[in-house]
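Just one chain is shown here, as structure tokens, and it is the form predicted on its own.
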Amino acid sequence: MGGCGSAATGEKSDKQVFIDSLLSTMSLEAKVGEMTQLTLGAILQKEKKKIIEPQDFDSLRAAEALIEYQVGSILNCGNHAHTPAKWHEFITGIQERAALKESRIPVLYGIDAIHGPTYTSEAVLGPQQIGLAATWNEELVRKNAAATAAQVAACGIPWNFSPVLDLGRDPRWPRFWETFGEDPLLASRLGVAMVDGYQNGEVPFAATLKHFFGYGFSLSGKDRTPAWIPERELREYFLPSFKAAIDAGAMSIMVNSGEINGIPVHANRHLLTDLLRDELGFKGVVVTDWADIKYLYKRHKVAEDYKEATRMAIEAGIDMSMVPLDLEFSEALVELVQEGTVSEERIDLSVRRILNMKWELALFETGGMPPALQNYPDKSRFEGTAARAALESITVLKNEGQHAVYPDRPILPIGGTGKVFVTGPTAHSLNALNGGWTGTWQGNNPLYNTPGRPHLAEAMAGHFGADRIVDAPLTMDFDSEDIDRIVRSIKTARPACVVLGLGEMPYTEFVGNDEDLSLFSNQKELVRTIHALNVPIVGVFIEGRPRTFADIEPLMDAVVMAYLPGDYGGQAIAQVLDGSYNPSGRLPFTWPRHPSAHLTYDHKHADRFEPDSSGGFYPQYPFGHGLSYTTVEYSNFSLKDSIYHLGDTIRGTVEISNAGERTANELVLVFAQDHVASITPSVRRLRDFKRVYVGPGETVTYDLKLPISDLSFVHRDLKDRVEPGAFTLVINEITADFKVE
């Protein structure tokens, strides 16, 4: 990859010289081709609009797209995962055709590899982003991203549509599980780690920040529906994660499919040019989401036709259109330039960005051809990282009841004697552990599961011993007759406890729209019926968002949140349940007590009423919550000074003691409370976090170093700055006061 030219001499780099030369030789049609992205299915053989299996190119369609129209980018997978060999076949065939077009520019291939190589057969799949967020471990996120990059790039695909940097502040939103949770700081730091892992590993690979921005906070909570978000709030909550990742060098950005305050984001020049380009300084490629230029007139009704929609999107700041099924965009854009409506200089601006990205990904060096198939990396290199991420994500939310062997201990860990009855609709599904975008778009086809990876019940048998596990499968639509069957089996087995796999089966996007966040009624009835048998219950939630279950929560002795932990998730849950791993996961979101009570932890004082079940902030489990199998205590929190000035760094210490018998992987959360501010302050805001290991019987001193600048907020003039006044820092409910002057 080429270097930069000298600012002092004004000399152009090799890259700049190359791109200038190439751009000067390109026809208008070639330039527009670079701005066009088709899905793989558009150039595959079909019958009655359905892709024929085994998949292969339609020679005429492929030639039309890649040679005649000179399409510069292809995405997606033709509906399901493929072997590395098949990917090599596809990528080679595409690049061979691209070499025949007038420009001879290699094609840039992109894919959604969001928790490992999700569309590569037998690849290593770690937790989805919401599970990675529960680890609060930046290095682990970085390693998982690097593992993804190595495997996907080995198939000849250098561009990944990940990470999602939208905030998960409304669990009704069906893409909640694709986020790093509800907090801007957590999403920022983990987002930067993921971009670093993708882009700074052993191979050229590009990240895509999704979806710029405010996508996850629609008014209805449904996918791709309107949002009402004032710009101050956009900047305060939703912009920081994108800004941090842009500053970290992210190569591309995908745009929010929805609309904000009545303006579709794909047609919003203020957001895509004034803010993203001029203010944030983003230099990379801006790509649309699926068919979103066409949707400007089909769905949003702000354009009269496709041509008008194309003009609006290009003028707003779009570089590449994920068309993805036809060539009308290319034709419309050529016409717009030829008639003088869109200038060719504007086209050159986008094409230059695309060519720059292709240079950085070494496509001009390799012709876009995939690496030698025999060099495909050994998956064993990556399994440990994915397994560790799954393990650190598992979050114990409740641990009460009475242990079968040790009456003075809670039910978890389960221990080494007695039968364990395993049932529930998610306990026997590897699809449930992986979630959407796995093998297929919705992630619900077992045909594309990784061979040999165990679901929860199988992993339990492996860790506890098959002779201890009584296994009773259930599907999601089980009924009263199925519950009666389970009851009879439990009475016969007389187990020490019942492990229930609760939660959801996979979904994503609009398919996951839901009118009710309550846990499904048949699952609640299962819990009630088993509780009546007077047998301890461990509820394990395998799901992408927090479904409410306040009415049955008291009936369960322990509650575990597994999120969507991936192929190694069954094993990770089993290790937490049997006690071979001391759980360390912590909630990256607030778990609501009721379906309509989804307030985030950083709510305002006006949201707080008396803490009872009738209203106010009274969550089932708070943000950052999670239990371990040891006892950790905080004490002696003090600050070096009581008065600070702008530019200072707050310094202090707090002691963390482990009174238990096991090493604690403890998460230190530093919250700030602004007593009075010109914009109503949140009750608290997360301002720092760090993992600390504390051995049995050990006391460690945590050194706090928090720049005063980290206390800033966005003011009415949309500028971010610190406001002098009184503050309180909170660490594990221990407080320290100070002032900023």
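In this text, residue numbers run from 1 along the sequence as written. Nothing here was measured: the structure is a model prediction, and the numbers come from that model.
What follows is about the form predicted together with a small molecule, which we do not show.
Undergrad: Give me the residue from Asp289, Asp602, Asp514, Asp196 that has a heavy atom within 4.5 Å of the small molecule in the predicted bound form.
TA: Contact check passes for Asp289.
Undergrad: Using a 4.5 Å cut on heavy atoms, which of Arg175, His455, His598, Arg586 is close to the small molecule in the predicted bound form?
TA: Flagged contact: Arg175.
Undergrad: Can you tell me if Ala427 lies within 4.5 angstroms of the small molecule in the predicted bound form, counting non-hydrogen atoms only?
TA: Heavy-atom contact with the small molecule at 4.5 Å: absent for Ala427.
Undergrad: Does Lys210 reach the small molecule in the predicted bound form if we count a contact as any heavy atom within 4.5 Å?
TA: The answer is yes: Lys210 has a heavy atom within 4.5 Å of the small molecule.
Undergrad: Check whether Met254 has any heavy atom within 4.5 Å of a heavy atom of the small molecule in the predicted bound form, and answer yes or no.
TA: Residue-level check for Met254: yes, a contact with the small molecule.
Undergrad: Does Glu509 reach the small molecule in the predicted bound form if we count a contact as any heavy atom within 4.5 Å?
TA: Glu509: contacts the small molecule in the predicted bound form.
Undergrad: Of these, 100 to 108, 491 to 499, 518 to 526, 289 to 297, which stretch puts a heavy atom within 4.5 angstroms of the small molecule in the predicted bound form?
TA: Only one stretch passes the 4.5 Å heavy-atom test: 289 to 297.
Undergrad: Is it true that Arg224, Met322 and Trp437, all three, sit within 4.5 Å of the small molecule in the predicted bound form, judged by heavy atoms?
TA: Contact check passed for all of Arg224, Met322 and Trp437.
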